[in-house]
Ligand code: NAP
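Just the one chain here, the form predicted on its own, laid out as structure tokens.
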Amino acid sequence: MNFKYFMPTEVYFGEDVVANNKEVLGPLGKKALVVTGRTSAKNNGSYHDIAAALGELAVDFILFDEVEENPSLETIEKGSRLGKENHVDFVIGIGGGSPMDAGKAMAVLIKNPELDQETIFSGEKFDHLPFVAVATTSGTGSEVTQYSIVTSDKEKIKKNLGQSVFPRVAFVDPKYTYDLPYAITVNTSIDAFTHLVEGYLNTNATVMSDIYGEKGFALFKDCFKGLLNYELDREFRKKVMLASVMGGIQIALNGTSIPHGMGYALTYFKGLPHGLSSGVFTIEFLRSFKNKDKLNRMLDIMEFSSLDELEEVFEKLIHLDLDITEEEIKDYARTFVSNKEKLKNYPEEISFEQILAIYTKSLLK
């Protein structure tokens, strides 16, 4: 039994964790760049909590609140310029995946002022400023992963920055999610679930990573009930946020698998939210496996008698209205399969025809 386990992020989970643990921010420096979206961090109280904590610690900060959904490299360069001009010592990303991933990329660019959106993808590994994550949705897992997913408009694709930027500290407070709209709750919850699925049925899976996956599935047994019954109480919010952390740790160890890679085209070209763009392929992805042992174990944990029962849940939660052609699907499949790196985490042999079938069966029902 051989495995590698590495999780350097210090995670604080629970209500009021920023106020109760603010002292961990002090050693990171005297000035921070705080990275957020345009309004959500202010509305849910997370920005106020961070600003208050930094104020009590006498740590100065600069706010960059221009991160869009699926952050572009141009926005990331703009934020990093602000950080460089103000000589910040560390970066705090507050929000869902977009502000956290953008903040990670800024932490690299600020630390390495010679880099830009072209040279950062050279394949070389670069150091970065300390990064702090404050999660305000339950789905991305970015608060406990090393990944930074960015949008290249030049290449017309979402892709991983290719750098390892684990947060030094992660604050995970379910109260920031209490007022999330139902549609966003569904999208982000499905994202969390796909992380669990893709990390569990993965070439790199180990006994350690499976612990997180199986605990996450046990939590989702109740989370799916809450989503289907519109019972989004505080207990639901805590469970789905914890499941998201579990999924994040699992993909930090193993990486995602083909549904995530297949879904990026739908997000970029069709504007489909990230969680749904991965989730729409999950059922056909699961059907593609010849060895059903781990799939059946997953279903047993969630008390589903068959994959058809899980499919019924997905059909109730995911409602697609995509204008898409067979030729577009073939283009997406050809582009996806041409990058062998995107296939390596799938633990069985898979062909272009199988990938095309997953696309087609998932999108042309």
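Numbering starts at 1 and follows the sequence shown. None of these values were measured; they are calculated from a predicted model.
We do not show the form predicted in complex with this ligand, though everything after this point is about it.
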item	value
Close approach of residue 60 to this ligand in the predicted complex, 4.5 Å, heavy atom	no
is_contact(residue 251, this ligand) in the predicted complex, heavy atom dist at most 4.5 Å	yes
This ligand contact at residue 142 in the predicted complex, heavy atom, 4.5 Å	yes
Partner contact for residue 334 in the predicted complex: this ligand, 4.5 angstroms, heavy atom	no
Heavy atom of each of 96, 149 and 188 within 4.5 Å of this ligand in the predicted complex	yes
Heavy atom contact within 4.5 Å of this ligand in the predicted complex, the stretch among 201-209, 101-109, 123-131, 85-93	101-109
In the predicted complex, the one of 184, 295, 157, 115 near this ligand [non-hydrogen atom within 4.5 angstroms]	184
Interface residue in the predicted complex among 39, 305, 325, 339, criterion: non-hydrogen atom within 4.5 angstroms of this ligand	39
Heavy atom within 4.5 Å of this ligand in the predicted complex - qualifying residues of 62-84	67, 69, 70, 71
